[in-house]
Structures are given as C-alpha cells and as structure tokens.
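Single chain ahead, written as structure tokens, the form predicted alone.
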C-alpha cells in the first residue's frame, strides 16, 4: 500500500508555473482539470497503481498547483495504461486519462520524452510498427529482417509532426 506523502513536499515559488494549469485546462481533453477534488477514486481504480511513482490523482493535483516540471518529467504520464477506468470512476468528470494525453503532448513539445518512447517512435517510422527488436537480434533468432514501412505510414507520421518534435532524432547524449 502506498502512503500519500505528496502533500508534505516543500513547494517554493520557483517550482510553480502559474500558466501551466490554465494551459492544460484550455485543451478539450483537459477542461475538467479544475473540477478535481482529489478524492483518489481514479488512483484506487488504476490497475497499474502499484507500478506508478506518482498516482493519477497526485498528477492532477500537481498540475493544478502549477508544478509543470514535476508533472511533465514524471514517468507516470508515460506509463498510464490508457484503460480509461479513472475516467469512468471520476465523480467530477475530470477525465484523468484524457489529461494524461495532454500532459504527454506538452512534455513532447518541451522535449521531455523517455528514451524508450523515442525508440518505439523511431521503429514505428522505420518499420511501420513499434518494436524494439532490431535486425541483428532477429538474425540471432533466424528470423528475416524487419521490412521497411511503406510511404503511407511515414506520410501519416510526418503530418503528425514527429520530425518537428525531434522524436525521430537519435539520442545525442
């Protein structure tokens, strides 16, 4: 069982971006942000809550407080199973899973994307599906090379702006 110690964190003015909650709430998916009463029903129903560093209701609360850096750099937004159980359970129609999409998009715009996600996006662009198995591993298993994606898939991904968001660049670190 997790003990919620989040509210005992020391928050200073430099941690707060006062425009962040309004930016989240201004999106179609984030419009319920300010409705959250931190009841925790979303977290209680989350099937992967044991694997999360920060629970869904805590992410929402941090977003309302304007803790942009903490929220956008939190692995929870990327680990969300997108089962929408939290949306179904929310008595205030906050729609936490939908807000997770907003937060992922904002994190991507800020260049805060976990390397594993970037690897999957590069594979999707190159091969047409998200796979981390590369050809030398397939060769070891006596499998044929992964075929390249067709132009239609790349066109769709280009229109989605993946290149602009630097998701297709190799890690420079």
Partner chain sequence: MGLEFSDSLLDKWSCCGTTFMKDTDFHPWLALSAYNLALSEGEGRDIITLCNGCFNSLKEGNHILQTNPELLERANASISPLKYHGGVRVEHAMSVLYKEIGLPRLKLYIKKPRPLKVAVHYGCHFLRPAKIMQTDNPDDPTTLEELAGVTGATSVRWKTQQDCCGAPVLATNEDLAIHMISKKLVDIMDNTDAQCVLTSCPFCQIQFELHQTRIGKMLNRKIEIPVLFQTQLLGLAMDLEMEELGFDFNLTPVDSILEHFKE
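Numbering follows the first chain given and starts at 1. All of these numbers come straight from a predicted model, not from anything done at the bench. Note that the rigid core is defined as the largest set of C-alphas that superpose within 1.5 Å between two forms.
In what follows, reference is made to the form predicted in complex with its partner chain, a form of this protein that is not presented.
- Residue 13 falls outside the set of residues with a heavy atom inside 4.5 Å of its partner chain in the predicted bound form.
- Using a 4.5 Å cutoff between non-hydrogen atoms, residue 108 counts as a contact of its partner chain in the predicted bound form.
- Not displayed here, its partner chain is approached by residue 130 to within 4.5 Å at the level of heavy atoms in the predicted bound form.
- In the predicted bound form, residue 37 stays away from its partner chain, with no heavy atom inside 4.5 Å.
- Contact annotation: of the candidates 65, 44, 126, 113, the single residue with a non-hydrogen atom within 4.5 angstroms of its partner chain in the predicted bound form is 113.
- Within 4.5 angstroms of its partner chain in the predicted bound form, the stretch 46-85 places a non-hydrogen atom from each of 47, 48, 50, 51, 78, 79, 81, 82, 83, 84, 85, taken in sequence order.
- After superposition on the rigid core, the Cα atom of residue 158 is displaced by 2 Å or more between the shown form and the other one.
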